[in-house]
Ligand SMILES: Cc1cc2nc3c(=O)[nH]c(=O)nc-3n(C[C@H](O)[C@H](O)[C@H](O)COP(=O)(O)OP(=O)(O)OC[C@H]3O[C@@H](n4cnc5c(N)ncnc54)[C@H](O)[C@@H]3O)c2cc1C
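So this first bit is one chain, no partners, the form predicted on its own, shown in structure tokens.
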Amino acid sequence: MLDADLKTQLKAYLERVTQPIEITASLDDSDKSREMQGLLQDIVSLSDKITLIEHRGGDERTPSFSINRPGGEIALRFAGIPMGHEFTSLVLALLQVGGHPSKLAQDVIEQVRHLDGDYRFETYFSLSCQNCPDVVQALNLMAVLNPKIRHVAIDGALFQDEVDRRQVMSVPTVFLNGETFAQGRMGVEEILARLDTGAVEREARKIDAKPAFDVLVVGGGPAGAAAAIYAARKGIVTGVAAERFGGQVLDTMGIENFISVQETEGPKLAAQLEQHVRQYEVDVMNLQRAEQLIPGELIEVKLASGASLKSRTVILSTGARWRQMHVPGENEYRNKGVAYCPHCDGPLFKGKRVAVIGGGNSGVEAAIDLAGIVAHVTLIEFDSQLRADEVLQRKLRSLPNVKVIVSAQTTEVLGDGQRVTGLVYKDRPSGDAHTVPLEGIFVQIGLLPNTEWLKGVVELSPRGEIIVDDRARPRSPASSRPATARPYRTSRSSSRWVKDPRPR
């Protein structure tokens, strides 16, 4: 099952195991069961601390396997074969069950251990989803730390009937005690914030008590990380407030244009950025969304939690998010057929009809990828021609199960109250409306700046970008002057608002 290189790497990791591990597998005569059996036998052969017990059936989902300590109380199970993006989740589960300590902050570990109640989590993932491992790994670790927490990670493509019955149309989707709990990327801290209702208030009080920073970076993407590192290296008291550290990079499958790195994946790069920032004395405040910017001698940033931060200098590096169509039905059927990540959610639409909205590189690449999974793809482009690179267009037009419609404006998402059933588009030259029956819609029409909270404080373009002068200083909407009365000093990385701290 595992090739020689992967076995060598895994064997090195398993040398860190200090406690016995017991893997119990529920198998049958299917090909997937034989594949899982081969994987587990490879794992057992690499460590004398791991034993394998096989049962014919015995679990509600077969094939599946649990990881525990002999006689232990850890309820951690994989329903599916955790390869692809989830192979790291399997390795971490083995290490953590085997006694290797987590890198999670000690106060967060204690918070998990003190959760009281009965928590039965089920996470649906796909092997091509780069967002799923964060959720699977977080809940696996919580199951290791607290015996009242149980977790099973389920490959939606392997248990398609179950996915259809529970109407899972995006991954990761998490159920808690049989009810929908959350969808999308989450870490331990985010899950705790949902379970421990007092956690947000406690964190807000801690933030309110912080003294003013010399430099406060708002945003935790590559630009924000770079700004924080440059400031901290100069000995400046620096903080970073980010809604999610890593930003849009976390949603990027493959990155091939980061200079000096030939190829990497978004979540991996985001983790490396955070590790780099934390090498310095930077106060990283994750899961904090900025809501208001108040100029003054000390600039104040108010957060959604109710807390406020003050700083002599503020660097704005707020990034962007997926642009929506803003048509009737889009929000109602989001994660019920309307999706924004073809890599993550594509496998859930196997054998079904879908549409891709957008004819740029992202849209055409999405249509090409989806064509290998789904029954049919309809690509809809507003312009009179596709805008993707010609090499991509040639590939797209060579696929027999793809239809391209140009000069078309999507006007409505249709559904039955539970899931998407189609869309309506207007033919722009004629004005005629057309209905396309389908089960999924993948929106690929670009990005929107996260700047709504800055309206009225700094000048924004019609697209929402911050308008800056030749020194990257934002301007007040009321004048052409910078947004505060005092001079600014800026460096050359990212869009920023910086008050000059030098005496005059």
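No experiment lies behind these values; they were computed from the predicted model shown. In case it trips you up, residue 1 is the first one in the sequence shown, and so on.
Although not depicted, the form predicted in complex with the named molecule is the subject of the following passage.
Contact annotation for G224: at least one heavy atom lies within 4.5 Å of the named molecule in the predicted complex. The named molecule is not shown here, but in the predicted complex it comes within 4.5 Å of a heavy atom of R244. Although the partner is absent here, N68 sits far enough away that none of its heavy atoms falls within 4.5 Å of the named molecule in the predicted complex.
Taking the partner from the other structure, the named molecule in the predicted complex has a heavy atom within 4.5 Å of a heavy atom of Q288. Stretch 445-453 is the contacting one of 445-453, 467-475, 30-38, 54-62, since its residues have non-hydrogen atoms within 4.5 Å of the named molecule in the predicted complex. Proximity to the named molecule in the predicted complex, defined as a heavy atom within 4.5 Å, singles out one entry of T197, Q275, N257, S430, which is N257. In terms of contact with the named molecule in the predicted complex, the residue from G346, G219, P172, G239 that brings a heavy atom within 4.5 Å is G219.
Shown here without the named molecule, the chain has S317, T318, G319, A320, W322 in 312-327 lying with a heavy atom within 4.5 Å of that partner in the predicted complex.
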